[in-house]
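Take a look at this single chain, the form predicted on its own, given in structure tokens.
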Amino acid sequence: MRGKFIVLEGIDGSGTTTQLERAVAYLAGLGRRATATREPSAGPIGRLLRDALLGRLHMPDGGQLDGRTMALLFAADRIDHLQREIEPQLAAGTTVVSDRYLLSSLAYQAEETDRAWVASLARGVLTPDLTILLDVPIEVAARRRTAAGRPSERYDADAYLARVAANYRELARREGSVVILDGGRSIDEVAALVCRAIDSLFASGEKP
């Protein structure tokens, strides 16, 4: 039986990374094979993207990569991620839980270039069985990033993230299939909400 594809989305500091491991552990506790992954991926294009996000990758003039270049890199990484990791795991019956996927490109890269063009880059890619958006206030996300001691990245400015958060909400309402959760609650409370959404996905009584 083919595995399920679950995606956690949200701005930086929303808790997707924390909830990723908890979701996989919850699925394992139910007796389901599950694995965690993320975007940017651990593949060659994903590693290049992480360097760009941390400001370690520059144009010849010393400037940042432009928005269209970033969107193309994210799209290329997603295709590689699907072919190299996600699709084989799903075909083997493993449930894949990803920290970020297509919705993040539409929310983030739409602030740097045309959203319709970004969406066209993803035409035909796999649709998740469940997408969970962790919606948090900008100030809460900022405190979490500071507390974690995480280095500053390309998209960390509060004003930018406020627009990204608005994009996420708009996209979630438009999609209709995205579950929006209050990511500002405690880790355990958010984990319980995530697990409840996962339970709903498997509510059909399908065996692991």
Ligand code: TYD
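Only a predicted model underlies this, so the values are computations on that prediction, with no experimental measurement involved. When you see a residue number, it is the position in the sequence shown, counting from 1.
Beyond the structure shown, there is the form predicted together with the ligand, which is absent from this document and is the topic of what follows.
- Contact between residue 53 and the ligand in the predicted bound form is found at the 4.5 Å heavy atom cutoff.
- Shown alone here, residue 158 lies farther than 4.5 Å from the ligand in the predicted bound form, counting heavy atoms only.
- In the predicted bound form, residue 99 approaches the ligand with a heavy atom inside 4.5 Å.
- Within 4.5 Å of some heavy atom of the ligand in the predicted bound form lies at least one heavy atom of residue 150.
- Heavy atoms within 4.5 Å of the ligand in the predicted bound form belong, among the stretches 170-178, 25-33, 38-46, 60-68, to residues of 38-46.
- Contacts with the ligand in the predicted bound form, taken as any heavy atom within 4.5 Å, map within 103-123 to 104, 105, 108, 109.
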